[in-house]
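Single chain ahead, by itself, as structure tokens, in the form predicted on its own.
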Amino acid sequence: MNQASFPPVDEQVALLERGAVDLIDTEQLREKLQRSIKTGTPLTVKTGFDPSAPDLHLGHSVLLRKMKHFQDLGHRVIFLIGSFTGMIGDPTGKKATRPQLDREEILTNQKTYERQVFKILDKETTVIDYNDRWLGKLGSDGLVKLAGRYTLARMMERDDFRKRFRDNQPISIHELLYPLLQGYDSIALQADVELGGTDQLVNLLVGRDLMKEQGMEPQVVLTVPLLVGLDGVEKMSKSTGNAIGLEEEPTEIFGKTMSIPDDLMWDWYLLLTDTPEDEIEEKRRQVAAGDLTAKAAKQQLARRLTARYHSDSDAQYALEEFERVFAQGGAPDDTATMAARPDEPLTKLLVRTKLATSNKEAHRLVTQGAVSIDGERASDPFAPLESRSAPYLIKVGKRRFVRLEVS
């Protein structure tokens, strides 16, 4: 790679700082970038992902997109799968010890990651590596030596460990090893830069400390925000049900994006799209002034995200389907039609058609006004549907439908 492969340092830093929170430190990054230009050698940029769940979602894409920024600038990015650390589980931000995954779960999840990551990263230039390749060889001697390079007092400076200790919540010994093992990953890969979410800052700094003790040039640390999920409150997570998976259908990506609170879309524009920041601010100004509706601005966001993970034609179809279903009161083309008896209570119908997981949830959905029949809000959880020739259209929440033929 020759010198011309790298843009000027100022141009690189401007792109890398977009949406970033912590950069430790900026001057060191500039020095590394300048050296890469001078020598024609790309930086090694590492980001670790523990395969603790079977799918990647838009929350993960914030980090992946930052990796892509480095990649677009000509640097070497390593998508590091925590095939060893995943069996421990990152304790960051946890109020209790994570359940430990077995080897089979790790292998199943990492295969999914290996496929989905290329929805964002370039397949030809991305390096995929696995930390059991070196951590599995540490052995008991190596692990003891590694543990001897950090003190318990420094580890207990972490907010999550300190709070759990104060609240008499157990902290397992293996959890204390996690930041050290993550730091050792940086030594093994000779990382110039490590990326992570803001909740990972302490772990990333451990890597800097260990590299210094090893006599290596410490890695630069860059963190990005944790993406707030569909509910507008909690960080995006499959476990909380507020996520959009990278492989979800176009209509799901579009419809779920349209469901986010209006104020949240500006962060999504910044973190999930390449929309220039001045264009984002102009849209925000137009919405505040009433020159652009929040719905229209959000539709533009939904189209961009849908097209990014599918195609322009898929995005257009998803827009039309959204308008037909939600703006005009229709139902999706693929809405299932099922049979029902006229004496069957509404709660049991909801459970049987999988619009609710239990009678208790079905009762709650009806009483909270989340269930409609032919566009009219249902009020009686136990009311049966009368026989008729035309099917009923049952809607639960904003996105779940079924047609019921009662005879």
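What you see is a predicted model, and the numbers here were worked out from it, not measured in a lab. In this text, residue numbers run from 1 along the sequence as written. In this text, rigid core is short for the largest set of C-alphas that superpose within 1.5 Å between two forms.
Missing here is the form predicted in complex with the RNA; even so, the following discussion is about that form.
Inset, instruction - May I ask whether T293, S358 and Q368 all come within 4.5 angstroms of the RNA in the model of the complex, judged by heavy atoms? - result: Contact check passed for all of T293, S358 and Q368.
Legend entry - The single option of R30, K68, H363, R352 touching the RNA in the model of the complex, heavy atom within 4.5 Å: Here the answer is residue option H363.
Legend entry - Among the candidates Y269, Y113, F322, Y178, the residue which, in the model of the complex, approaches the RNA to within 4.5 Å (heavy atoms): Contact residue from the list: F322.
Legend entry - is_contact(R377, the RNA) in the model of the complex, heavy atom dist at most 4.5 Å: Result yes; R377 sits at the interface with the RNA in the model of the complex.
Inset, instruction - Classify D262 as contacting or not contacting the RNA in the model of the complex by the rule of any non-hydrogen atom within 4.5 angstroms, answering yes or no. - result: The answer is yes: D262 has a heavy atom within 4.5 Å of the RNA.
Inset, instruction - With heavy atoms only and a cut-off of 4.5 Å, decide whether G19 touches the RNA in the model of the complex. - result: No, no contact at 4.5 Å.
Legend entry - Contact flag, N131 vs the RNA in the model of the complex, heavy atom cut 4.5 Å: Outside the cut-off, so no.
Inset, instruction - Counting only non-hydrogen atoms, choose the one of 248-256, 304-312, 141-149, 215-223 that falls within 4.5 Å of the RNA in the model of the complex. - result: Of the options given, it is 248-256.
Legend entry - Stretch 380-407 - residues with a heavy atom within 4.5 Å of the RNA in the model of the complex: Result: F382, V396, G397, K398, R399, R400.
Inset, instruction - For R399, decide whether the Cα shift between this form and the one not shown is 2 Å or greater, given a superposition on the rigid core. - result: It does, since the R399 C-alpha is displaced 2 Å or more between this form and the one not shown after the core fit.
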